[in-house]
Structure formats: structure tokens, C-alpha cells
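Listed next as C-alpha cells is one chain, alone, in the form predicted on its own.
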């Protein structure tokens, strides 16, 4: 079998389309006779609409229809909890009653001939509310356990309270991460068009099949009647893992207008309509012996969610197995507020929980006067102590070693404020990274043509990691063909079903299905063609051969604990007079199984590093505690890293790791782990530079002065 493509730094096969404008994104599809929709949103966080006057809007130029709860068709809203939806609660029902659940709740939809006419008419709608006292400030409510299986949200092994009390050295602090919003370049958009009882949606999404299933449940029609197309996505970071209310409104508007309707959210609307990383408060207490062995870990956390859905994420999962400790207590709770539901944002839960844990580990190292790497090495587990399972592979020690060597960690002076560059304070920090290997059922189609070329397809998304390219590489290897003779297609519900592109599972899941389908079609062709050469066999057969294969995980997850691991290192330079922090270098070493494409994989890690800089130093959605209004819902005031903020050095290394247990391809995923630990490493570097421990992100100048 030829295996020349996998492992090669292949440039993106879709790159030319993207840089020449040939890639078509959701809002760009040329649908004839399309009308435009503009959503009117509530200006209160809780209450009921007492009056909504749309008369002026209805008379405005170009207006086709104005929908409110008073005249909108009633929708089925059948019970549906997709993989990426909260398991508890009920999604927002739009324009179905007078209830307002959060600031920015959709209260009307204007449909007009042009976008400008729709936006203008929307400003003419007047609403009056009977406001109700709501909870918006996370500090003003009592957190409660999530609904459901208690053992998932509260875990204990050993006697952590007793061990903490009697520990020779201990640290006990709280860590706060404010709300963060996804800010992809492409804003969310949907075009909806009905043809009788069949619906086509051109949508920005990370899961075309998930959108079809949700909208089918909302409208009470078979999912087979809905086609969702999303071939290109201009970044999503988790924001496209659910079918948000604007998708429903586009379909509803198209049904009422009896013509296609396009809705594209503004940047400000993205802060109210597509979820966010929740505001999180975490207490981490560590107890250890004087020689650095952990005796106790207590990790108690809570985060915001809406009043109508229990959004939960893997906030404490890493704490349960990352470091060896006989006595561990974890508890996760929710603060139910009058806000819209949070959602998955790159490495949801893990990145937040690891920030608190790895910052606490750094604090323990300071208390012990022990090097941060040495402290972690002394607490390196032999197995997953939470699940009592062996790791399928774990390269943490090697990641520490390689990362430290490439960073020059041995030159670090341990005392805070001891390293300088002229008038600048210099700090070096590190942290551990981890993310689970996720593998879900997926299907793929492979078709061999008489001319010896191949077509391969799956419904998967490509939100930027290079799925078009990496799947082409996997297919080419399995078929034994050059890359330029393989055409891969994705992003459409008409193709074989796949899981969402989230949780770093796409290559493990869809890649395994693609590999299996291509191997099967090759075997069939050689058998039918009576030849050892594929091209010769296909010429002899003289017609296309096609197979569709389903791939699913076996029982390995019951026998092994399967995760990617990494060690990340950061250097910061801080102006002591201005409190300005610059990240100069980041080095990351990762054990992530087989690397399909080192070029796109490195790109993923660089993106994660930049995201970690934003989390550590900049990102903060400022929510007015009186109204729930996000006061900085724009690029001018919501600070995110730009090119000038990128470190001069972003060094990515992959540890050579062979793991036969995780999936047929031996991959673990890189989209999420690349951001995990970055904020902690930067925070630890800031302490090393200044001697000031900042436990509430982002680390802004005012906190350092």
C-alpha cells in the first residue's frame, strides 16, 4: 500500500479557491429572488412584551412581512436534544409567545426586498415590556448542581478534606474567567428556500446533519426533507455547533414570504445570538508534602447558564486524572441567569479548568521552592487514577523534556522579578496541556472512475483546520493514488452522515470512515478487474465502482483512557511603569498520535496559541449587571489579538507517538489541545516577571500597576 501522502506537509487543496474568491460561504450563495431578514431584539433581560407596534415597519418601503408572536405561525418544536445541545432544558422558542428570557431575545422579524430596507424597518418597531426582576450577575445567585446524574458533577476519591488539612504545604485560591465571545471573521448567516414541503438551508455550521435534525424538529417535518449546505466556513470555534434561532427565523420567514430569505447576523448580534464561553469561578486547593508529592486536590467550580437550558462542559475532567493524587474532590455547579445559553468554545471546559489547575500548580511550586517541571514530574501518574484505566499512550514527560529544551528552560532564574531585558521585566512560565481523544460513528463514500481517478465524500465540515486537505491525503493513501487524482467533497447533508466538527474528533471519526471506504473500493476494484494495478483494473471494468462504509468505535474506551497531552512554555516581557504585557515566545510540544499533515497541524497549534494569548491578556465580554447588555459587543472594544500581538517565536513540535488503540488512523486531534494550557503558561510567566499573581483573567495593565 502506498503511504506517501500521510505525514506530508501538503498545502491546502482548497487554498486557491479561498485566496481567489472561489470559495462560497453561507451568505454568498446566489439564490434567485432572495429577500432579506432583520431581527428585532429585546432591550430587557426578563419579562413579557405588553405592546409591540409594527404598523410603521409594515408601511416602510420594500417591506414584505413583519412577524411577531402575534402573527407568526405556530411551530411544532418537537422534543430534540442533539449531540451538541444541552441535555437538560428546552431551546429558545422564537416568536411563539410574549416571553422575554434574555437581553437580545428575538421579538420580531422584518422581511424586505433589500437588507437596507429590512434594517431600516426594524428600527421602526416599538415594544413595551412588563419587566421582571432577573438575575444577571453571577455573583448574585446561589450556584446549584446541574440536573441529572450527580456522580458526573461531583466526584471524590480518598479523603481530600482531611488530606488537605494535614498537608505540609498547601495553596487555596479562586480563579475567575469572564465571559468570552467567539469572534470568527465570517459572521453567522442562513439562506432558507422552500420548495413545497422541502427546505434547503445554506448555513454557516459545524454540523450540517445537526442543523437538519433540529430544524426538522422545530417545523415538524422529516429531516430527509431538509438539505443543508455549508461547504466553506470562515471560522467558528464552536459557535456553529448548534442551529441558533436565526436559522429557524430564516426558514420561518421564507415560508411566510413564499420566497427565499437571507439572514446575516451583525457583529453585535453575534454577542446575543450564538452562545459564548461562560463566566467561570473556580476554587482550587492543593496540598502536598514538602518533597512535592500531591496529597490532596479540591477543585470546586461554577459557571453561568441560561434559565431555560443547563449548559455544562468538561470543566473538571482534567483535574481528575492529569496529576497523580490519592485524595481528589471535584464539584461543578451552575449559576442560572437571565442570559442566553452559553455554548462550546475552543476546548470547552478543559481550557478553563486547566487554567485554574495549572496556575494553582505553579503557586504550589512557588510555595515549595520547586521548579514547575520537577513538581509535575514528581506527580506523573502511571495510569488514569479516576477511571482506573491505563493510558492508551501518554507522552507528557517527553513533551516536558522537548519543550524545555527548545525553550531553554534550564536558563530560567527561579526568583520572581530576577530576569530583565533593559527596563523590561521578563518572565518564563509553563503548563501542561491535555484534551480527550473523541471518536464518533461516521460514514464516507468512495467512488473509483474508469479513468483511474477517485471521488470521496462525507458530510463533514471544514471550519479551518484543513479537513479538505487531510481527508484527501487519507483517501489518496488508502487508494494508492496521487493526491491530484483524488477529489474530496464535504459540507452537505446529501453526503454520508458524519458527527459535528467539534471536540477534535473529525480526523479520528470521519478520517477512519474515509480510510475504510477507500480501502474497500480499492479491494473491490482489484478483485473485479482481475489485476494488481488499480488503473489497469478500472480500465478493464469500464464503469464507476462505488462503496459507502460506516465506521464506529469499538470497546477501546472501556479498556483505555485516551487523551492527547502537551507541555507549553511562554515568555513575557512587561513594562513595569505601564503594566503592558507582551508575549515574546511560545513553545509547545504535543503528543497527539499520528500527524496526518504537519503543515496544517502546526497552523492549528499556532491558532490555539494566539487564542490563548487572547484569553490570558485581552478577551472579556463586559456584561451590564443591570440589563444583561454586552457593552463591548464590537471589534473596537472587545480586544482580540491581531498580527502585532503575535509572538516572534511560536515553536510547535510533535512527539513521535504511535497509539494503536485510539482509532484506525492512530490520531488524537489537535484543534482543542492547542489552546489548553496557554493562558496558564502566560499567567505563570507574568507572575515570574512581576511577583504579582493575577487570578482573574484577562491580565490587563490595571491589574499589574
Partner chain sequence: MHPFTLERPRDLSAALAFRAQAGRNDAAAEYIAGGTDMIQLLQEDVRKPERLVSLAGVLDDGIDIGPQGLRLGASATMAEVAAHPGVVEQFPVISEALFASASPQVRNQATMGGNVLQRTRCPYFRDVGYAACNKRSPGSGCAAIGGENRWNAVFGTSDNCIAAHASDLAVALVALDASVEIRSATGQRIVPFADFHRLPGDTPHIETVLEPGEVIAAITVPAHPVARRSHYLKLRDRASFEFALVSAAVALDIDGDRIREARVALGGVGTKPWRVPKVEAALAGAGLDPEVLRKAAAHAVEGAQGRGGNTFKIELMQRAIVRAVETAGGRA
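Residue numbers count along the first chain shown, from 1. What you see is a predicted model; the values in this text were computed from it and never measured.
What comes next is about the form predicted in complex with the partner chain, which is not displayed.
- Comparing 64-72, 676-684, 656-664, 633-641 against the partner chain in the model of the complex, the single stretch with non-hydrogen atoms within 4.5 angstroms of it is 633-641.
- Taken together, 120, 123 and 272 are fully in contact with the partner chain in the model of the complex: each brings a heavy atom within 4.5 Å.
- A residue is said to contact a partner when one of its heavy atoms sits within 4.5 Å of a partner heavy atom; residue 367 fails this definition for the partner chain in the model of the complex, lying far away.
- In the model of the complex, residue 224 stays away from the partner chain, with no heavy atom inside 4.5 Å.
- When contacts are judged by a 4.5 Å heavy atom cut-off, residue 258 does not count as touching the partner chain in the model of the complex.
- At a distance threshold of 4.5 angstroms between non-hydrogen atoms, residue 113 is out of contact with the partner chain in the model of the complex.
- Of the listed positions (152, 582, 333, 406), a single one reaches within 4.5 angstroms of the partner chain by any non-hydrogen atom in the model of the complex, namely 582.
- This chain is drawn without the partner chain; in the model of the complex, the residue among 442, 263, 517, 623 with a heavy atom within 4.5 Å of it is 623.
- Within 4.5 angstroms of the partner chain in the model of the complex, the stretch 674-705 places a non-hydrogen atom from each of 700, 701, 702, 705, taken in sequence order.
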